[in-house]
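Below you'll find only one chain, the form predicted alone, shown as structure tokens.
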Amino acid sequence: MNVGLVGLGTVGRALASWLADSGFQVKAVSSRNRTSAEKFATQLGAKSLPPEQVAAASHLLFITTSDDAISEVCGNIARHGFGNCQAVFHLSGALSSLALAPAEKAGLGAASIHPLGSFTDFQQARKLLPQCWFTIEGNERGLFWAERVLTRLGAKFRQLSKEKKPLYHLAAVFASNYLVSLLAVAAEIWEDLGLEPDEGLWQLAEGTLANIRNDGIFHSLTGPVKRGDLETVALHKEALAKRPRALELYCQLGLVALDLSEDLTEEQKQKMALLLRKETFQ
């Protein structure tokens, strides 16, 4: 089965390598950086071609560019024609297959295939991709080919509707991108104490994630909000007085934790909510 890729960022190159190692024939690739594309194509035994020629050389086309470029790339290829291409995929988590409307209009399969993972470089992405869950959505023909590709790769996948893609990606952002943001706040405070994050902080975070996996969200929550420790929360707020963004984050997350605190009485919850919403410490 001949495949082609337009866009050779971290995930695009990792996917191309995985496809090649799994028996797919990567016929052609394309990237804005021609030197990089030619080097990578040589490694795969493929050709480095303009996007429209990649499509013509492929039965299945993966557009692995940035989200903002997907529609434009697909539209430009459509103006030249898709040749014998059967289906076009993109890898965006937030965008639906509607970003591939020109391909669908041309009678092709159109689908989004998103790997749920956090990828920082090629080697890491190549290692993690086969372990990821994937989500797919698209037209009937696109889903047929997407399922066929992922099954051959041995990947785990679920199907979503177009309408659910934004919420799906939003949940992923909270679990990954904003988790990094949250831990950056914790690390900054930790380092201000003269400690390195490796001196306990990262171990605490890893232990919490392990607890969530093993015992679930509700049973993994600990801390002063869950216990109803008003004095401790007040001390925390005072300590964050000169860190207004961290204070706001602390209070908002505290309210979320309060919703998860099943053992508190209604009176305890009301007192804690009032404390978390107060703008002063008196």
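Start at 1 and count along the sequence shown; that's the residue number. Just so it is clear, the structure is predicted and the values come from calculations on it, not from any experiment.
One more form of this protein exists, namely the form predicted in complex with a small molecule; it is left out here, but the text below deals with it.
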{"property": "Selected contact from A172, A155, L91, L160, since only one has a non-hydrogen atom within 4.5 angstroms of the small molecule in the model of the complex", "result": "L91"}
{"property": "Position in contact with the small molecule when the complex is considered in the model of the complex, options T208, Q123, S118, S181, heavy atoms within 4.5 Å", "result": "S118"}
{"property": "Contact flag, C85 vs the small molecule in the model of the complex, heavy atom cut 4.5 Å", "result": "no"}
{"property": "Distance check, R32 to the small molecule in the model of the complex, heavy atom within 4.5 Å", "result": "yes"}
{"property": "Interface membership of G4, the small molecule in the model of the complex, 4.5 Å heavy atom rule", "result": "no"}
{"property": "The small molecule contact in the model of the complex: L253, any heavy atom under 4.5 Å", "result": "no"}
{"property": "In the model of the complex, segment of 101 to 109, 70 to 78, 188 to 196, 143 to 151 with a heavy atom within 4.5 Å of the small molecule", "result": "70 to 78"}
